[in-house]
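Next up: just one chain, as structure tokens, the form predicted on its own.
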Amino acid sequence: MIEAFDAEAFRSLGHQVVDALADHWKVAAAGDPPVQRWMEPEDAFAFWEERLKSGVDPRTLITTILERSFHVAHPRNLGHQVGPVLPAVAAIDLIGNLLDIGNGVYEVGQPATPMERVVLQRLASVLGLPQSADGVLTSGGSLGNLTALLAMRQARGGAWESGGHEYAVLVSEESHYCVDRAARIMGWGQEGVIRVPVDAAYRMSMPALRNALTRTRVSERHILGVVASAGSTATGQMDPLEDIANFCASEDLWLHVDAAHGGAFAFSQKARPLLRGIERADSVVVDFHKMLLCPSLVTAVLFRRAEHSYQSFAQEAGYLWRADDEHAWWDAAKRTLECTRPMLGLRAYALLALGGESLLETYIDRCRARTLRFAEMIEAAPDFELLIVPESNIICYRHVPDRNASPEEVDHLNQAIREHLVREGYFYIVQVEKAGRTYLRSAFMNPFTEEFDLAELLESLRRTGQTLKRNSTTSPS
């Protein structure tokens, strides 16, 4: 059994893994293989079940995993909000994976715990939050938003022990579903989230926000705050943070900004104006694994006032920490749902130390520039239409080859085109429902995507639409 932990065997396998990953990265980033080789779920299950039964050697396992994986670094991966990982960060992350230190308490938390605080203070500074700001890293935006809402509830309602089922928050109808999920976890039910309509640009409507607060105050629900999006998952649009901050200040409401995606724009001089007002938030969530080139999952939860970061999970655990260390930043388990945590601080610190903020700015600006260029190409194409002009790196559009077709026919065509592209594997895009209609959606997360990829995407959508229409007219009734 001890032989399985042999250091030299690990060294040999490590070289094989790194060599294979480097070769894979080089090919995938050049767009040589398809984005993925589609396999039906049951077929994929049978494939991997058979290999587990028959056995597989390390080299074959490495090769097979890479061949059958979705290639995030592929320049024609234009789907979800997951970008390529900075290779240097992935390499450093191997240290955390092997050491496997659950850094919930400082006694076993070095060096990731102090690294984490350095990163959080730097991020708070970039966002414009005051020096009093503090926070914690956690595993994903869903946990991050839950953590922030728990702190909101405790700070404004003091309900950690009593529950507080009568509370609610005002959120954009474009907010991420995890906000609704967090409210339900806290026992607020479906009435705990008051949805505010958006304007024509898919941003939270200020008149609608004021009306929602007025209507809710006549009910038995106690509004604790507003959750603003920067930007929304579907369209990437930014809620009017400055106006919402003014509203929250005048109404004595907590302002939480879900900037899981768009918070990264603070690192760009060009994009930073989109976040104007975020510096006035009581709490902010930013994902490092979206637009900041980190492995999943690394989410920063920042609070304007440091003491609020200790109010999400106000419990005693004598075997972990002393009661007189109530606000000890070095024991992160006090402020997260997780006790045993991966070395998240190691990933984020390596990003800033080895990549640097100038790299992040160049990356963000490039992704946004590609998005705006694609919008121009769509507007210039008579057989395509744009939902709205994008302001971030997410764009919604659809193929309309026949202007006399019914809205339902256009919906079905775009749904069928996307499904065909996913199975074909040479592009990856997703779809959303907006204004009751189906739109294709692309998130520009990849620095390797070039304009010719975008031109080819439009042509692929056209060819696929023509093929589907031809097949539908020739198939027997």
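Heads up: residue numbers just count along the shown sequence, starting at 1. As the structure is a prediction and not an experimental result, all values here were calculated from the model.
Here the subject shifts to the form predicted together with a small molecule, a form of this protein not shown in this document.
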Quick one: in the predicted bound form, does every one of 210, 245 and 277 get a heavy atom within 4.5 Å of the small molecule?
no
Would residue 176 sit within 4.5 Å of the small molecule in the predicted bound form, counting heavy atoms only?
yes
Would you check, heavy atoms only and a 4.5 Å threshold, whether residue 84 touches the small molecule in the predicted bound form?
no
4.5 angstroms heavy atom contact with the small molecule in the predicted bound form for residue 71
no
Is residue 333 close enough to the small molecule in the predicted bound form to count, meaning some heavy atom within 4.5 Å?
no
Could you spot which one of 141, 263, 345, 225 gets a heavy atom to within 4.5 Å of the small molecule in the predicted bound form?
141
Listed residue (145, 309, 77, 113) with a non-hydrogen atom within 4.5 angstroms of the small molecule in the predicted bound form
145
Answer among 290 to 298, 115 to 123, 193 to 201, 361 to 369 for heavy atoms within 4.5 Å of the small molecule in the predicted bound form: the stretch 290 to 298
